[in-house]
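Just one chain follows, in the form predicted on its own, and it is written as C-alpha cells.
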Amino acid sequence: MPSTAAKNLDMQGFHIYGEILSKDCIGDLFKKMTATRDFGPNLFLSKQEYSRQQNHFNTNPNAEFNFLNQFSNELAVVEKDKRIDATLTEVLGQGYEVVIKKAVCGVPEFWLPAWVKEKIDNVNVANLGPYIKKEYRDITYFRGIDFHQDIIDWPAGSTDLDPSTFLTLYVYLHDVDRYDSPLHILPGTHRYGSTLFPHKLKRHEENTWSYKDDCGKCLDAIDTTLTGGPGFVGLWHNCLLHGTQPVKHESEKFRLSLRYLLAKSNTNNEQTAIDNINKNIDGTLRPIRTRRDLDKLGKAKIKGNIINK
C-alpha cells in the first residue's frame, strides 16, 4: 500500500511533513550560514557593473559553485533523515539522485538599489541573480516569484535525467510567517502536467484560483500558504503550481531556506510510486518548451505578476 506521503503527492501534488527536523541542528546551520557574508544591500552590483553584462544567463548556483558545499556535515539533518529518505525511496526508488541543492534567499525591499526596483517591477520571476555580485551568486536570491512549475527550468534536452520524475524538497531554516515570503501552493494543479509559463490563472475569490491548461481544461484550486518554523519540510511534484510574494517585513529580516531538486536514477528500471503518480496526470511531462516570457538574452519580455495582485 502507498504511504500517506505518496498518496498526497498523487492526489494533491504535495506532501507536508511540518516541523520534523531538529530545531537545534537547523538553528546551528542557519547561524553558520548567516555568519559567512553580509546579507544586505552590499550584495548588489552597481548600475555600471550590471550594464557591462551581456545577458541574464548563468547567474545562479550550480553543483560546483554552490553556497551549500561548505555545509556538508550540517546538512545531514536533512539528507539523512529517515522519514524523508523513506518517502523518496518509495517514490523515486533506490539510488535517487540530487539534481541540484541550493540556498534560496527572499530579499527585503530595503536591500534593493532604486535602479533594480525599476528593473524588476511587475516581473513574473524576480530572480535577482543578474543584479548580484558574481562572488555571491552561489545562492539564489529572489523578490517574489509568480505561480510556476519547477519543470520550468528543465525542458527536453536540458538534463540527462527524466524531468517527469523530479520532486522538490523545501526546508525552512527559521520562522516563516505570512510576511516572510512563504510558499503559496495550488493543490491538484499538477494533474494537467507541464503548461507554458506564464500560466493561465484567474482569481475569482480571495483564495481560489481558476487554472486552465494549454488545451482548455479547467480546474479550481484553493491557495494554500505554507508557514512554519525551523525544520519545516514540504515536498511537491514538479508540475505543481506554486509561488511566493515578496518579503514584507520593514526590518532587516530576510528569508533563507533550502531547496533540493531530486530525481529517479536512470539506472533504476523498477516501477516506483512516481510512475504510478504520473499515470494519473493528463498532460505532457517532458515538455519541449516551458516558458514564453524571456527574450534571447534571458530578460523578461512579458510582465504581469498575478500572485501580487
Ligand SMILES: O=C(O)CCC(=O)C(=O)O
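As the structure is a computational prediction, the values presented were derived from the model and not from experiment. Numbers follow the displayed sequence, beginning with 1.
Keep in mind that the form predicted in complex with this ligand is not shown, yet the notes after this line are about it.
Participant: Is H242 close to this ligand in the predicted complex, meaning a heavy atom pair under 4.5 Å apart or at it?
Facilitator: It does: once this ligand is placed as it appears in the predicted complex, H242 has a heavy atom within 4.5 Å of it.
Participant: With the cut-off set at 4.5 Å between non-hydrogen atoms, does W111 touch this ligand in the predicted complex?
Facilitator: The answer is no: W111 has no heavy atom within 4.5 Å of this ligand.
Participant: Does H148 reach this ligand in the predicted complex, with heavy atoms at most 4.5 Å apart?
Facilitator: Within the cut-off, so yes.
Participant: Looking in the predicted complex, any heavy atom of Y192 within 4.5 Å of this ligand?
Facilitator: Looking in the predicted complex, residue contacts with this ligand do not include Y192, since no heavy atom lies within 4.5 Å.
Participant: Taking the partner as it appears in the predicted complex, which of 74 to 82, 207 to 215, 155 to 163, 180 to 188 has residues with heavy atoms within 4.5 Å of this ligand?
Facilitator: Every other range fails; the passing one is 180 to 188.
Participant: Considering non-hydrogen atoms and a 4.5 Å limit, which listed residue (Y136, Y170, Y96, F197) is close to this ligand in the predicted complex?
Facilitator: Selected option: Y170.
Participant: Of the residues K253, K47, R259, H56, which one places a heavy atom within 4.5 Å of this ligand in the predicted complex?
Facilitator: After the contact test, the surviving option is R259.
Participant: Taking this ligand in the predicted complex, which residues along 80 to 110 bring a heavy atom to within 4.5 Å of it?
Facilitator: Contacts from 80 to 110: just V104.
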